[in-house]
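A single chain comes next, written as structure tokens; it is the form predicted on its own.
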Amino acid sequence: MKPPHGGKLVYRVDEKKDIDGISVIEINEDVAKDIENIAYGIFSPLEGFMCKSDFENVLEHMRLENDVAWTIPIVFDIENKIREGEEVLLKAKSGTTAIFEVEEVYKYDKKEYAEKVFKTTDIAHPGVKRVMEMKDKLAGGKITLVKEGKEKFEKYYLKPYETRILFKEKGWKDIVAFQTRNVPHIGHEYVQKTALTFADGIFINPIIGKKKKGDFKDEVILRSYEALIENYYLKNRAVMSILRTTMRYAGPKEAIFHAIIRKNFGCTHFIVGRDHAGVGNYYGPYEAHDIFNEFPDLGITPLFFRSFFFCKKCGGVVNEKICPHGKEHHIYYSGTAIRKMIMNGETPPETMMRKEVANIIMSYENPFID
């Protein structure tokens, strides 16, 4: 199995660590998820929140100061309660508790942050809006997790040291990762099974966490994927586990970030679809494909998928490389169109979605985030 990003799987957990007398800073659940992702090696090689040198290198060069590929800042924004050189206890309502060794406190330019990561400063972009709402200073330094928070979907939650053991036990050498924030339609299944044809197993890894209004609720995504896997996948060829993080909607840069994460889980290949992690019209449809040319040392192989659709004349799901028929014969897998059907109380047809999946979605009065 290939090594984690940076060569070593980070594990910064010490439940026996003495925390008596350490001042407490309350944190939100987004920060808590970042802490646990650092502590369990999902964000390897990071050992804590980025200091200024790493932060600036990521913005300018898409690499950490040590030249390891990295595209998304992992930072902790603060008020004036934290000082350099001290230890503080970061604590969330979910129970996540970690010691933070404050190495550096520094100022940053929010507009520069937004422009360099999202290619826009438009406040209508959800990632930009999040950056503009951050506090004015960042604090960097190592973290040590002393208590894991409660997880609503715990039974779906595997950490990198667990997935790496699981893949070995299954005898998987070539493992394809599939990132999703949506319920599965027939097009998703086509992409996954096409990739799986050339691999030993597929790792379906839905993002669970803060998403934008109108996205599907977490439990809807998980239940619908359970139905798909149960009815249409070989039992020893598919594993589903959640990724607990916030969607940044950073398009191409987030595609690289997502690939790195799956590399840490032990995957060898990563599916990149059309407009991966995009939102609105901020990125070109295949920018998330092109950016991989800048990272020959990434250590995980991207699998690029372009347009695919149901062809009524071919009688199945095909793509632009293999179907000779005109667009009048094609049914495209539009997430927007599927959402509109569901909002109107219409069950998506079986040419677009498996009935078992559609039935679960339609059983919810409102399957979308308000």
Partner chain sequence: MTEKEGKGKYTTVSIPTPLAEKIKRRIEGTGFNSISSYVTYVLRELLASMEEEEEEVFSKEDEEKIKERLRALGYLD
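As the structure is a prediction and not an experimental result, all values here were calculated from the model. Numbering follows the first chain given and starts at 1.
Just so you know, the form predicted together with the partner chain exists too; it's not on screen, but the next bit is about it.
Proximity to the partner chain in the model of the complex holds for all of K155, R164 and K168, with the criterion being a heavy atom within 4.5 Å.
Shown alone, this chain has one stretch from 180-188, 97-105, 118-126, 235-243 that lies within 4.5 Å of the partner chain in the model of the complex by heavy atoms: 235-243. The contact with the partner chain in the model of the complex, taken as any heavy atom within 4.5 Å, belongs to D67 out of D67, E320, E26, D30. This chain is displayed alone, yet in the model of the complex one of D174, E230, E219, E112 has a heavy atom within 4.5 Å of the partner chain; that residue is E112. Interface membership of R63, defined by any non-hydrogen atom within 4.5 Å of the partner chain in the model of the complex, is confirmed. At a distance threshold of 4.5 angstroms between non-hydrogen atoms, N80 is out of contact with the partner chain in the model of the complex. In the model of the complex, the partner chain lies within 4.5 Å of some heavy atom of N293. Although the partner is absent from this view, I369 stays clear of the partner chain in the model of the complex, with no non-hydrogen atom inside 4.5 angstroms.
Taking the partner chain as it sits in the model of the complex, the stretch 1-35 comes within 4.5 angstroms of it through a non-hydrogen atom at M1, K2, P3, P4, L9.
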